[in-house]
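Only one chain is included here, represented as structure tokens and corresponding to the form predicted on its own.
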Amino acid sequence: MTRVSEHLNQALHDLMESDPSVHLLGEDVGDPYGGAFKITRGLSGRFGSRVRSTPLSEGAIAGVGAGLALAGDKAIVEIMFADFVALAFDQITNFAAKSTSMYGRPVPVPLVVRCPTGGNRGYGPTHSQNPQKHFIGVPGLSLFEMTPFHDVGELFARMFGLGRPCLFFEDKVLYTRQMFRIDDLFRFELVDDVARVYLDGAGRPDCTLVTHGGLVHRTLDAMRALLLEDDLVCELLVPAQLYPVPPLPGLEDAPHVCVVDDGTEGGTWAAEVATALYPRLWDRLRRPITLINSADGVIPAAPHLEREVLVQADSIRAAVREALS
């Protein structure tokens, strides 16, 4: 089986081989280091000057990538840790995103900004965050997230095909996980580019969970416990596109929906999903949509304290049980 990190690395190799207009920029992305998480290993030796290790300036990296895209090439920018994408906020939101429509005609800006996110690795407060919510609602900007169900090569093609800048979030805990492999208790399928994880032959679920890629395995652990210990059947939907929120399949018969988001409360992706779903499901839901977020606090480096802040399987299970009680 292929690890997520290996799959992502191969997708970058395939993309740069098939399209000579693609450039990759980032801190320490060149060999022999190959990036902090080795995702860009082998690219600089194979593609030469199209792969550039840059100075430590996220604003400059994003700005150069946007300039390449605006000039007719394609660019992939790696932010070493997603926490530092805040340093590129102006270039992404005020230059790259607005350049698609502020020149009197539509202008393609094929830029992908890769952002390794998330905690549960002991990296502490400034290297463990999920900043997705800060980019929701920016005109001209799309948000995607890596999942163990979606082919990354196809996602790159899709993002570049939009002709607008995209942020591509990659939860670091996924890098060592296997692609296209989940708990043997469940099955999965892709429905309109949304992964649906379900219990075969179970009929209508008691609750439908919606989450992003980095929370897949924690949510699956909660689903297993809910099934085996609480006799509650859950279904899971995992979109690769976070914003704009895509149509989510199969919710018409869901008695309850729970959206799980590893970011803190307030202006969240979970709230955006709920906002999109309420007009569609208002007459069918038995209770309000449950939103699960991480705690309101910085993320400690100590593992036992980190688990208290970030969303975990037991907190998902507890929230579902309370909603259905």
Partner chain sequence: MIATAAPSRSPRHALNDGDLRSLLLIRHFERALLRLFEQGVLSGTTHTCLGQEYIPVAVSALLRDDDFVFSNHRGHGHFLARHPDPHGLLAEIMGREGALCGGVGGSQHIYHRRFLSTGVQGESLPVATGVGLKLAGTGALACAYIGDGTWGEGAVYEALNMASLWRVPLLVVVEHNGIAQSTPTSAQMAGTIAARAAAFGVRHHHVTSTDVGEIRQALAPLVDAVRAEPSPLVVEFATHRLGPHSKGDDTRPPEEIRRVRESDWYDRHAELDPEWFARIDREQRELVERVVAEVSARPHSRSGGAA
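Source: prediction; values computed, not measured. Positions refer to the first chain, counted from 1.
The form predicted together with its partner chain exists for this protein as well; it is not shown, and the discussion that follows is about that form.
Between 292 to 300, 252 to 260, 279 to 287, 266 to 274, the stretch whose residues reach within 4.5 angstroms of its partner chain in the predicted complex through a non-hydrogen atom is 292 to 300. Checked against its partner chain in the predicted complex, the residues M179, A195, M80, L226 give one hit for a heavy atom within 4.5 Å, which is M80. Note on contacts: among L199, L87, V191, M102, the single residue with a heavy atom within 4.5 Å of its partner chain in the predicted complex is L87. The three marked residues, D28, R121 and T126, each reach its partner chain in the predicted complex, with a heavy atom inside 4.5 Å. Among residues of the shown chain, P32 is one whose heavy atoms approach its partner chain to within 4.5 Å in the predicted complex.
In the predicted complex, at least one heavy atom of P55 sits within 4.5 Å of a heavy atom of its partner chain. For L68, no non-hydrogen atom is located within 4.5 Å of its partner chain in the predicted complex, even though that partner is not displayed. Among residues of the shown chain, A36 is one whose heavy atoms approach its partner chain to within 4.5 Å in the predicted complex.
Taking its partner chain as positioned in the predicted complex, the only residue of 305 to 322 that brings a heavy atom within 4.5 Å of it is L305.
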